[in-house]
Structure formats: structure tokens, C-alpha cells
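Just the one chain here, laid out as C-alpha cells, in the form predicted alone.
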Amino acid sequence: MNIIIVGGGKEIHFLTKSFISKGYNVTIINDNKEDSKRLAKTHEKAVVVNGDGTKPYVLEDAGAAYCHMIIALTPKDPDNLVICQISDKMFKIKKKFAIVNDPKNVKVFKKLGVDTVISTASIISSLIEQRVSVDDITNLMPIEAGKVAMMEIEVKEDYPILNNELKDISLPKDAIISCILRKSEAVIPRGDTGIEKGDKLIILSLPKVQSEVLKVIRGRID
């Protein structure tokens, strides 16, 4: 699969590593020359194009004609929409993903043909409404336009789950600990897997149970 990612930020690094590990071909478009140089050094297996992703000729240079999926991650909603529209109309790219800063733009993007639209503001707002503190959450990523949330939580010494086995932790039915990052290793947990101090738990859950999950893990919500 050929994938184009337009934009910058930490998300690009995570996505690029993930896609390359799956054997996909990744091209990054970034409009900052210095950032482009750093990206090229960091991700040697990816192709980095320095240019404005809203310009058709830049997308063409990046191989949009042979692209299967494009992800628009720029900080400007109008730019992300333009990128997706050009990708659809000119290059017939089937899968289009976009980040929006203004939640009101989600419906607009979808009406205009963007397959998946993710509003980071809506996700954060949802957490606040549930009185969920994000102090101990190092990563929070919405999946499928916010239908599923992925959290990374580091286990501290005062957490009630410390030294417990997974089978003894009563998470809500709509949540699961999918992986444990322990020092330099990734552990796929089983029922008899113990929880140690410093473990980073990768938790998948529905947004509605995030507050319950944190209460079980941390012993408190806020």
C-alpha cells in the first residue's frame, strides 16, 4: 500500500514507523525545509517531499497518482480539506483521512467526501465532561473518528492494580489492556501477567468508559 502523510508534528513519526513496520510505502509532505531534512534523516525508508501539500503539483511529485491512502495532518482545517478534495478529484485516491481543529468542521468534511475525520478537540472535551484527568496519560489517540480511544498510562507505586495479575483487574467490559510496554520490551498480556511499577499500559476502550477505566487503574478519576 502507498500512503502519503501531509503535515508535521509527533503524529507523523508514530504513523510513519507504524506503516513502515507493516511493509507500506510512506511518503511525507512537509512545507518546512528544516523539518523535512530531519524527517528524512529519522525515517530513511520513507520518501520526504518538501512542499505545500495543497498544491496539485506537489501531490503529483509525491506520487499521488499511485497512492492508496492520504492523511492530512496540517494545523489548518481548510488546508486539510483542500488536500483531501484534490486527492479525490484529481488523483482518485480512495481513502482520505483528516484532522480538524474545529469540531464544527467534522460534518462539513464528511459531506465533502472525506472518509474519516478526527476532531482532537472533541476527544479532549469528552474527557473533560467525564471529569477525566489527563495528567498520567502520556498518549491519547482516537480511532475510527473517536469511536474507540487508545490510552497509554504509566503505572505508579500508589496505583491499586500494582502487583496484581491481569485476571484480577476488573476493567469495564468495553475496555481491554492490549499491550504492556515494560522497559525496552512489549508484552502481550495474559490472565496471569502481573502489573509492575513503571509498566506502560496500552488500553483500548469506548470513550464512555474511560472514566471507569482510570478509576480502576489509578484508584481515582481526577
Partner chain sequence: MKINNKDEYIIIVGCGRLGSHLASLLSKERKSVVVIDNNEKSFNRLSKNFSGFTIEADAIEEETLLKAKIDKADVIVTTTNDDNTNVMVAQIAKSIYKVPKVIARLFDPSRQEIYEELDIDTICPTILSAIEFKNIIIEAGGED
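Everything numeric here is computed off the predicted structure, so don't read it as measured data. By rigid core we mean the largest C-alpha set that fits within 1.5 Å across both forms. Positions refer to the first chain, counted from 1.
Separately, the form predicted in complex with its partner chain exists; it is not shown, and the next lines address it.
Undergrad: Just to confirm, with a 4.5 Å cut-off on non-hydrogen atoms, which of Asp52, Glu196, Asp61, Glu165 contacts its partner chain in the predicted complex?
TA: The residue in contact is Asp52.
Undergrad: Using heavy atoms only and a 4.5 Å cut-off, determine which of Met151, Ile99, Leu81, Ile93 is in contact with its partner chain in the predicted complex.
TA: The residue in contact is Leu81.
Undergrad: Could you tell me which of 27 to 35, 53 to 61, 155 to 163, 186 to 194 sits within 4.5 Å of its partner chain in the predicted complex, going by non-hydrogen atoms?
TA: Only one stretch passes the 4.5 Å heavy-atom test: 53 to 61.
Undergrad: Is there a heavy atom of Ser119 lying 4.5 Å or less from a heavy atom of its partner chain in the predicted complex?
TA: Ser119: no, not in contact with its partner chain in the predicted complex.
Undergrad: Wondering, does Leu73 line up within 4.5 Å of its partner chain in the predicted complex on heavy atoms?
TA: Looking in the predicted complex, residue contacts with its partner chain do not include Leu73, since no heavy atom lies within 4.5 Å.
Undergrad: Whether Lys104 contacts its partner chain in the predicted complex should be assessed with a 4.5 Å heavy atom distance threshold; does it?
TA: Yes, Lys104 is a contact residue.
Undergrad: Please run the contact check for Lys147 against its partner chain in the predicted complex: heavy atoms, 4.5 angstroms, yes or no?
TA: Output for Lys147 is no: heavy atoms all beyond 4.5 Å of its partner chain.
Undergrad: Using a 4.5 Å cut-off on heavy atoms, what residues in 85 to 103 are near its partner chain in the predicted complex?
TA: If the 4.5 Å heavy-atom criterion is applied to its partner chain in the predicted complex, 85 to 103 yields Gln85, Ile86, Lys89, Met90, Asp102.
Undergrad: How about Met90 - superposed on the rigid core, does its CA move between the shown form and the other one by 2 Å or more?
TA: After core superposition, the C-alpha of Met90 moves less than 2 Å between the shown form and the other one.
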